[in-house]
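Here's a solo chain for you in structure tokens, the form predicted alone.
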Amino acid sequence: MPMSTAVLDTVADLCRTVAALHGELTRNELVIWTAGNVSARVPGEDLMVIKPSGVSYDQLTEDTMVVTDLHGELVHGRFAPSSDTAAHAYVYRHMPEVGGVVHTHSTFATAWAARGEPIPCVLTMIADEFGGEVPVGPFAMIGDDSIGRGIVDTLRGSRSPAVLMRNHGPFTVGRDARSAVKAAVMVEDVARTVHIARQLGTPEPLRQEDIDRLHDRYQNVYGQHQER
């Protein structure tokens, strides 16, 4: 079905945004070569914008982004979509509150995924952003929606916007693509810090009541808020 002018304008804006956000993955050293991807839901439509498969980051522009439906079928664009498209699409179909999904193979977060071990909540930053430990999702093969099912099943029982898919790497979600990228940056940072802390001894876990208070403050008080 042809897209209306309004939808085409929204898609064009999202293509620019998603292309630019891939630059944050390289700037924060979360990806190498062509691995990793960012996607964004098209508001009000069963569509998403995602990185094309196997295209170098320095070649990504708004014109190289692709649009698929929420079953991964190509709707607009001249390249094949990311090999993780089915996983992203499954998340959007089953988590309507999610507007952006990111996948990286960032070194420290992926090391925790290789161990199949959650990142424990031993830092205020982890409580703030993730609301508790960063959970581990099941091993799943690439190419169909198995990874997406693992992401959804794991995050439904967690306040975390990040999941470490076992033997694979981190996936993050957010209300929009920028929020999901932020979570990807932060999960790598805390993965590295907790790894270093473990070399020095056993990190001290935060109490649940402190985690709850920290998370509520960060989500609802911290930062700038427009008056309602």
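If you're wondering where the values come from, they're calculated on a predicted model, not measured in any experiment. The first residue of the sequence shown is number 1, and the count goes up from there.
In what follows, reference is made to the form predicted together with a further copy of the same chain, a form of this protein that is not presented.
Out of the listed residues L123, V98, V152, V75, L123 is the one that sits within 4.5 Å of a further copy of the same chain in the predicted complex by at least one heavy atom.
Under a 4.5 angstroms non-hydrogen atom cutoff, a further copy of the same chain in the predicted complex lacks D9 among its neighbouring residues. For the chain shown alone, D210 is a contact residue for a further copy of the same chain in the predicted complex, at least one non-hydrogen atom being within 4.5 angstroms. At the 4.5 Å threshold, heavy atoms of R217 reach a further copy of the same chain in the predicted complex. Heavy atoms of P43 never reach within 4.5 Å of a further copy of the same chain in the predicted complex, leaving it off the interface. From the list 154-162, 67-75, 113-121, 89-97, the contact stretch for a further copy of the same chain in the predicted complex under a 4.5 Å heavy atom rule is 113-121. Using a 4.5 Å cut-off on any heavy atom, the residues of 9-48 that reach a further copy of the same chain in the predicted complex are, in sequence order, E24, R27, N28, I32, W33, T34, A35.
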